[in-house]
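Quick heads-up: it's one chain on its own, the form predicted alone, in structure tokens.
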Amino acid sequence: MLDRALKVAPEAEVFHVVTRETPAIFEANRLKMLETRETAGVALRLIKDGRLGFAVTTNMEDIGGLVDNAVELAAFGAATCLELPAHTEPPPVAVYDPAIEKISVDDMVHLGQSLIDGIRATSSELLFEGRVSKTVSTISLLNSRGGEVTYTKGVFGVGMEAMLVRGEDMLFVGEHESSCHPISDTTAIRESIEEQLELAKTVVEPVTGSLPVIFTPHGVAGTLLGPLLAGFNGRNIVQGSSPLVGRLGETIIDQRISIWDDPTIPYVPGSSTTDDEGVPSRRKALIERGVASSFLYDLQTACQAGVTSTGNGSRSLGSLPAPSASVLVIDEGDVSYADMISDVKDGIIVERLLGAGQGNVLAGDFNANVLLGYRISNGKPSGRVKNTMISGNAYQALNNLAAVGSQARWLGGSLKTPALYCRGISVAARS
């Protein structure tokens, strides 16, 4: 494919992905579907007359058609100054455990059903849906400058969501865990869901005003992180729409916050030896002690900004690369979760949100309904709040920080964060 493309274009890249996924899908508290899906495809990106051509196929026999499509589309493609990376030795990043492929389907079904049955033994009204899955992907990349990458990644995931309906009251709880190792112990998932149920069993009157808010790790991910990361995205930097343009080296939030992008952590699903353009992975600080330290670039946005790629080109088989975080780690602080709660006279805990993307996200704004949250009264959780909305700005919230949690946890294989305790968050409620 590469040889054929180089007959009509000076630079080209072939990106090939083979994926085998086996999900056990649960619905209404029992196994609904079990299947194995295998997909394979190839994407061709070439540069012709200073423009990008891109085409995708799952037909490995139609090399000529793939090249012709990419050349034809290059006439309408984006102008580019990017240079494909030459071959360099990437860091060894372990993301494949062959034990994942040895997990039987029966074991996966038993794992999911046991988790559901164990929680429902004391909460029989819950209606569960979720999945237990194993996925193995082999990613290969070859370009005209000698860049060559091949690696295999395995991911095992367990995720369950439950709904409890009592009259007009609907409660949603859930938890998810993923790893490049097999997961055989679901105790942490079960305990998290049971804790959510315990805190939510009593519905209390909502509270309003400018209040202290404790964001659990899920709350951090659903509220603060999206608006914050938008400012570090290289595409928004080159378009001038990020509020952080020209602010590298400046203090932008509380000095107790440091955020790292680190795709070199072994056996974490978001890690990899290179990004999806063949640029070697490396650990980098986005924010170090409150100071903006690095933006996230792929090859295209890096060339537009006049810098080098940070190794954050991410794509699916059917899309061009775009800058994206890989594995985010927020440094732990020195205040326990219990001590955060005991410090609040009247406020709320935010666990899960609905519609957190509303508002001017590029400016750091958030505006969301609280799907699952708890009121704190005199230093203790007093029950679940309903019909409650929070709004604010991520930069302002993280400049009005009361504490950083002392214990971080992994969420979804691409984020590790502690709880964050902020003051002065706007909380509104409807009776």
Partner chain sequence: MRDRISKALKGHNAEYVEIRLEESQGTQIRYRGRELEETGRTSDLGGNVRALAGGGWGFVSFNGLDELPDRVAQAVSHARLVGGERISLTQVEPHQETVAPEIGKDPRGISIGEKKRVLDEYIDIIWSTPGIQTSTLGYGDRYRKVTFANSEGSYIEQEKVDVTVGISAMARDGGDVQQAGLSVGSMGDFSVTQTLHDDVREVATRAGELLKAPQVKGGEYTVVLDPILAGVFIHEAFGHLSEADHVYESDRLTEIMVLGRRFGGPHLNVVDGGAIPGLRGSYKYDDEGTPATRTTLIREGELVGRLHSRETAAKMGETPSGNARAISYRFPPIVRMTNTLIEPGSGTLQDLIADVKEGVYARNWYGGMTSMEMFTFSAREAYMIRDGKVAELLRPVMLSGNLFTTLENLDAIAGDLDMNQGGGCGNGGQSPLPVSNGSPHIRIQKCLVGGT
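We call the rigid core whatever largest set of C-alpha positions still superposes within 1.5 Å between the two forms. Model, not experiment: these values are computed from the prediction. Residue numbers count along the first chain shown, from 1.
Below, we refer to the form predicted in complex with the partner chain, which is not included among the displayed structures.
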| query | finding |
| --- | --- |
| Contact stretch among 268-276, 217-225, 71-79, 325-333 - heavy atom within 4.5 Å of the partner chain in the model of the complex | 71-79 |
| Candidate spot Met108, Ile139 and Ser294, all three touching the partner chain in the model of the complex (heavy atom, 4.5 Å) | no |
| Asn360: touches the partner chain in the model of the complex, heavy atom cutoff 4.5 angstroms | yes |
| Contact test in the model of the complex: Glu168 vs the partner chain, heavy atoms, 4.5 Å | yes |
| Residue contact check: Thr135 to the partner chain in the model of the complex, 4.5 Å heavy atom | no |
| 4.5 Å heavy atom contact, Ala402 and the partner chain in the model of the complex | no |
| Among the candidates Gly306, Pro91, Gly146, Gly240, the residue which, in the model of the complex, approaches the partner chain to within 4.5 Å (heavy atoms) | Gly240 |
| Stretch 35-52: residues contacting the partner chain in the model of the complex, 4.5 Å heavy atom cut-off | Glu35, Thr36, Arg37, Glu38, Thr39, Ala40, Leu52 |
| Core-aligned C-alpha movement of Asp62 between this form and the one not shown, 2 Å or more | yes |
